[in-house]
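The chain below stands alone and is given as structure tokens, in the form predicted alone.
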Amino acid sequence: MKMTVTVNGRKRTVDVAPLARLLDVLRDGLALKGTKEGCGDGECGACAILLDGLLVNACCVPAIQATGRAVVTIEGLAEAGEGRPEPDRLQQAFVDEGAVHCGFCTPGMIMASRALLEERPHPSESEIRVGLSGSLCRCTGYGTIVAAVAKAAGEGYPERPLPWKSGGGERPLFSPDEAERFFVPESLDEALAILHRHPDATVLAGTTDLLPDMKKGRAAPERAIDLLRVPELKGIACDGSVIRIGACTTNGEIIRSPLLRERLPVLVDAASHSGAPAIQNRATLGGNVANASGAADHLVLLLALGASVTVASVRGERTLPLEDFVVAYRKTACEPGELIREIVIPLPPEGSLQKWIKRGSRQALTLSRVSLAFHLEREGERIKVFRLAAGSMSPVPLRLTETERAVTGRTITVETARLAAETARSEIHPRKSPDYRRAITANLVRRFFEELI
């Protein structure tokens, strides 16, 4: 495949495999060695770059999706000067504050810092740490790194724009063999027609699982359809009493949505704690649902919110409740030729309460050890509607219906909190660390009700 990509303001054309990692294109195809490979799983941030102005991990971006877009690497930040390029103010701040230790994580740290300061020119220390949460420093020098970012912000960085957009919009140029196996549709009808002809094709969206799994030995897809150019699969809209979210809408877009911040802030909170910023800018809501994993963060919340999934094919569309859509671990109700078009979420009634809780080993970790989602509506002093969903304790996230029935109709008291906690403890059946997970679940459920008293 011949791909054209604007790198650090300069158009470059290279021949690569469609599913080659952008990381390898930069390092091997374009000899830009500043972008490092650490974990290859999207967890360490050593390969962080800016793709059309957004922070992403280059190890999770296939070449087919980078074609026609703008990339900025660590080399693109340096100021042009006589002889060797001069470091820009952010890079110099890392030197001044002693934030360059062994140096391996530094390029990714700086790119993450640049992305943060583009969005928040005057961040607090907490915001800096969140912005860097996907970048691991094995020398444990985070204090000086945070100080470097704060120093650059205090000096008015960034003072010059970077080439965010390529403006070309070039499509990949496939070889005759590749043209029969890889597809880049630009409309939903085109995508559905291709999927109808090739129902076994793998659909590509955020690819935050696919490329890391391929690195670990998973076979590359024989055929693949890239959905990121399909506008009908993106967007967030309020349609009467429901919120409609396109399947290819990313966590980053959810976090930045003014509509969701106002009407469904619990979803913004969940997206903010599902991966680090570089992953949030790639991972899609539809992909999280389609994976049908017991540890999927959004599935838990969507169950509690009473969400539905709309799937489409050349035969038309159908909408299924989420409980019916996820049928087993890694298995959904999608039939051959169908793909997820959107997720439909009822707007919570005024005065109702929603909460999502995740417990894991670190804030930016993508997998939770325990996750719970609550939806509660009151009628006077009594509980009118209560939905509780739990994840990371069964093959797929589940509604805790026994707990729901036990408290519905009761007043919110200490006794109700105790009853809900003990019923939830007995209702879940964790596959691993059962005592720990039961105890955490009971404590979190009890705390939810006690905070309402």
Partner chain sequence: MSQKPYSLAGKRHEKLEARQKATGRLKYTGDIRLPDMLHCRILRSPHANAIVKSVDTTEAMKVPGVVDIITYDDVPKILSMHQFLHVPEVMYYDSYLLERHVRHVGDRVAAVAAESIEAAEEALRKVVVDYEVLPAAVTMEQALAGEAPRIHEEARRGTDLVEIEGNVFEKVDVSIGDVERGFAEADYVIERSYNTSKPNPAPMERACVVCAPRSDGRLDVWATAQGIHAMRMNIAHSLGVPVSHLNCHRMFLGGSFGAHIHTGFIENICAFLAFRTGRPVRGEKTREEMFLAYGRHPMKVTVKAGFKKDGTMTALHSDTTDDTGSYAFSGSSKMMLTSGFTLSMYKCPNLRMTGRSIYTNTPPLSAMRGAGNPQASWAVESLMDEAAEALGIDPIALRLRNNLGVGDTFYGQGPKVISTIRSCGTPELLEKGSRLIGWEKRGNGYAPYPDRPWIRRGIGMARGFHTSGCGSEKPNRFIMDFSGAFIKMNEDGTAQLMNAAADCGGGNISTYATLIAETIGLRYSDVIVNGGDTDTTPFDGVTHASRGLYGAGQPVVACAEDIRQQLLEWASRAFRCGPEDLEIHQGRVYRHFKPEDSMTVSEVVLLGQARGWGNIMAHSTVRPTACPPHFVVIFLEVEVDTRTGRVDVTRAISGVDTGTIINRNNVEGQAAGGLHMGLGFGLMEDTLFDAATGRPLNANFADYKMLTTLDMPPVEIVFADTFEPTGPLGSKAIGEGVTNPVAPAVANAIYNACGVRIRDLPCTPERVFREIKKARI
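Residue numbers count along the first chain shown, from 1. What you are looking at is a predicted structure, and each value in this text was computed from that prediction instead of being measured.
The discussion below concerns the form predicted in complex with its partner chain, not included here.
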Practice task
For the three residues 44, 91 and 97, verify that every one has a non-hydrogen atom within 4.5 Å of its partner chain in the predicted bound form; reply yes or no.
Solution key: yes
Problem - Residue (of 141, 294, 246, 287) lying close to its partner chain in the predicted bound form, criterion heavy atoms within 4.5 Å - result: 141
Practice task
Could you spot which one of 102, 314, 179, 237 gets a heavy atom to within 4.5 Å of its partner chain in the predicted bound form?
Solution key: 102
Practice task
Report the stretch among 105 to 113, 151 to 159, 189 to 197, 342 to 350 that approaches its partner chain in the predicted bound form to within 4.5 Å, counting heavy atoms only.
Solution key: 105 to 113
Practice task
Answer with yes or no whether residue 133 is in contact with its partner chain in the predicted bound form, where contact means some heavy atom within 4.5 Å.
Solution key: yes
Exercise for the section: Check whether residue 75 has any heavy atom within 4.5 Å of a heavy atom of its partner chain in the predicted bound form, and answer yes or no. Expected result: yes
Exercise for the section: Although its partner chain is absent from this view, report whether residue 52 comes within 4.5 Å of it in the predicted bound form, heavy atoms only. Expected result: no
Practice task
Consider residue 27 of the chain shown here, and say whether it contacts its partner chain in the predicted bound form, taking contact as heavy atoms within 4.5 Å.
Solution key: yes
Fill in the blank from the handout: Taking its partner chain in the predicted bound form and a 4.5 Å non-hydrogen atom cutoff, the residues of 22 to 61 making contact are 27, 28, 33, 34, 36, 37, 38, 39, 41, 43, 44
